[in-house]
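Here we start with a single chain on its own, the form predicted on its own, put down as structure tokens.
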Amino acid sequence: MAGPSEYQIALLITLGTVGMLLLAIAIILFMVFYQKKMIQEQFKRQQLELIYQQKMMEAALESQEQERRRLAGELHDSIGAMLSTIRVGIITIARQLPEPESLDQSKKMLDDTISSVRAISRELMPSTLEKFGFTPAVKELCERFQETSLLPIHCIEHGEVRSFEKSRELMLFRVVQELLNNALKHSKASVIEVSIEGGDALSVSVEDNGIGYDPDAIKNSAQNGKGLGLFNIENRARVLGGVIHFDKERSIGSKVTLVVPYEKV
């Protein structure tokens, strides 16, 4: 009688142990599955947040461009037209005066004002970009900056540069525009070079031979909104799916490179 009782007890203990092990394994598997599910949900939430931030950034940048487009149109079509009409009126009055040259200074000032309005309009919305694309627009930008700064600005093109969607080309153009502004403002350079290189990805670099500038210091400076330009550069690069690289190891000058894969544009 004692033997079977001990066997039954041992069997019960074994079954209980096995049951506990199976329960423990089930709990562990459940926890692993639950944790994996939680990680997946967290990853999905992060992805949705990134997509939302991306869309918000794109909307903000598009809103800026729309406002620039509106202001450019107002300057060109409204103010520019009114100034041209005033110029015609001054010329007409001058012809009726005994000394028409007395209005020459006023005509010159008005001509300078009309040129400034046209330049601001081009700055806000480059017509060359709309008509001919990214590379010709950048070359024209370099020429314009060279005329105003009296600083040699060379634009070099390497390889085949493919065209982009117009809204993306405009973002790329704004990045180059801001990089040139930074080089002129901060680098104290005697020459600036813009390089546009095609291939598997578009690479655009702005290089100077000046004292260089620290992008982190500029971004951390809150005075007069100095860091806004660099933040806009990084935001546009992010929207384009590209990478912006500041070469901080250079002993002379500065070099900033934007690389954008074609399939992302």
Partner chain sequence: MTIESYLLIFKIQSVLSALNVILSFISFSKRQIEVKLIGLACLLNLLSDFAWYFLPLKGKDVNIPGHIANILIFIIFCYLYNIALTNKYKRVITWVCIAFCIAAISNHLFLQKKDINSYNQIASSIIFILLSIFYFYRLLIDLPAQQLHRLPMFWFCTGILIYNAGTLFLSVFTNYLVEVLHNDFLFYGTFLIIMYIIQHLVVMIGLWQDLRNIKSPSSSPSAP
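Residue numbers count along the first chain shown, from 1. Because the structure is a prediction, the values reported are computed rather than measured.
There is another form of this protein, the form predicted in complex with the partner chain, and it is not shown here; the text below is about that form.
>> Is the partner chain in the predicted bound form close enough to T17, M20 and Q46 that every residue in that trio has a heavy atom within 4.5 angstroms of it?
In response: Looking in the predicted bound form, the three residues T17, M20 and Q46 all sit within 4.5 Å of the partner chain (heavy atoms).
>> Tell me which stretch of 200-208, 33-41, 59-67, 233-241 has a heavy atom within 4.5 angstroms of the partner chain in the predicted bound form.
In response: Selected range: 33-41.
> Is the gap between I28 and the partner chain in the predicted bound form 4.5 Å or less for some heavy atom pair?
Replying inline: Result yes; I28 sits at the interface with the partner chain in the predicted bound form.
> Taking the shortest heavy atom distance, is A10 within 4.5 Å of the partner chain in the predicted bound form?
Replying inline: Heavy-atom contact with the partner chain at 4.5 Å: present for A10.
>> Can you tell me if A24 lies within 4.5 angstroms of the partner chain in the predicted bound form, counting non-hydrogen atoms only?
In response: Close contact exists here: in the predicted bound form, A24 approaches the partner chain to within 4.5 Å, heavy atoms only.
> So which residues in 89-124, when you check the partner chain in the predicted bound form, have a heavy atom no farther than 4.5 Å from it?
Replying inline: None of them.
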